[in-house]
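First, one chain by itself in structure tokens, the form predicted alone.
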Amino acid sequence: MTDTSFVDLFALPGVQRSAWALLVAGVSLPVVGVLIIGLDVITVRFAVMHTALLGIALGLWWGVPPYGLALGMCAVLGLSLAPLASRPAGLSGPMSFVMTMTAAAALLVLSISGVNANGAFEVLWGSILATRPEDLIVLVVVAVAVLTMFATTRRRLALVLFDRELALCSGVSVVALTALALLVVCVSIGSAIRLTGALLVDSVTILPALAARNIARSFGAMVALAVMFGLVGNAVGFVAALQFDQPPGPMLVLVAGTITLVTFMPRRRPAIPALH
């Protein structure tokens, strides 16, 4: 692709929206990745994916905005999981149960309603270049919520993520803060599915956070590095996809994965869960 055609491509409204969406995602979703790792709920994306599918199917059947209903159900999922987070077995069992039940319910709704299944499954195969204005608005709202939550609860959140017992002894409302974190995680993943698709959402959430964890020595540093890696990965992956005329989703994953792999190379120093 020539330089002229590359510049012309960026002049297209759809490409500009996609670039803005990736910028917003790069600033906020790596913070969500830090929450996912801290809460040890890496498999949460599967539960969210199937919950979103059920919401889409119900929305198409009932004639209500399907994406809005899907995000609402993702929010309910996050809040409903919170009371189970303190159990010794963690959330892996409940999330597996939710994943199985919502997938079955979604398929049953599609069968009963006669809704076109392709329209429902479309949410799971989001495309960055198909970002709509309303998708960008949702991402901005979610990003503001994520960053506000982190800014106002950073110290308490660090305690909850790294030492729940110490958080309880320090008077932190662990259940309420865990519920807030899970709510943010589930809604954020639900909004990111429209951006990258469910199977590629890790590139904008978990991979930057994993890379940051490998080299950070404090909670604050981990969040800052995750955001930096998220922005760099999104920018390089998107530009490379346009430059070489390749699908953006796989390019984003490959770039984010490469950054994460590089961070494993230096000798890892013990991470210190400092609250600053």
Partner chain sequence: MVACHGRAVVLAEVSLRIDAGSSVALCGSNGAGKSTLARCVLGLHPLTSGKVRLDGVHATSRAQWSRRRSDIAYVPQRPAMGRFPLLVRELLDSSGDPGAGRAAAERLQVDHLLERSANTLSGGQLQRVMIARGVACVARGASVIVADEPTSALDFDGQAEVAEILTGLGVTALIISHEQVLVDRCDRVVEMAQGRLREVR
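Residue numbers count along the first chain shown, from 1. Since the model is a prediction, treat every value here as computed from it, not as a measurement.
Just so you know, the form predicted in complex with its partner chain exists too; it's not on screen, but the next bit is about it.
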property: Contact residue in the model of the complex, from Leu168, Leu79, Leu84, Met101 (heavy atom within 4.5 Å of its partner chain); result: Leu168
property: Partner-contacting position among Val175, Leu147, Ala130, Val141 - heavy atom within 4.5 Å of its partner chain in the model of the complex; result: Val175
property: Its partner chain in the model of the complex: contacting segment from 239-247, 226-234, 32-40, 59-67, heavy atom within 4.5 Å; result: 32-40
property: Its partner chain contact in the model of the complex: Leu161, any heavy atom under 4.5 Å; result: yes
property: Met222: touches its partner chain in the model of the complex, heavy atom cutoff 4.5 angstroms; result: yes
property: Exercise: Ala216 in contact with its partner chain in the model of the complex, heavy atom 4.5 Å; result: yes
property: Residues in 244-258 close to its partner chain in the model of the complex, defined by a heavy atom within 4.5 Å, in order; result: none
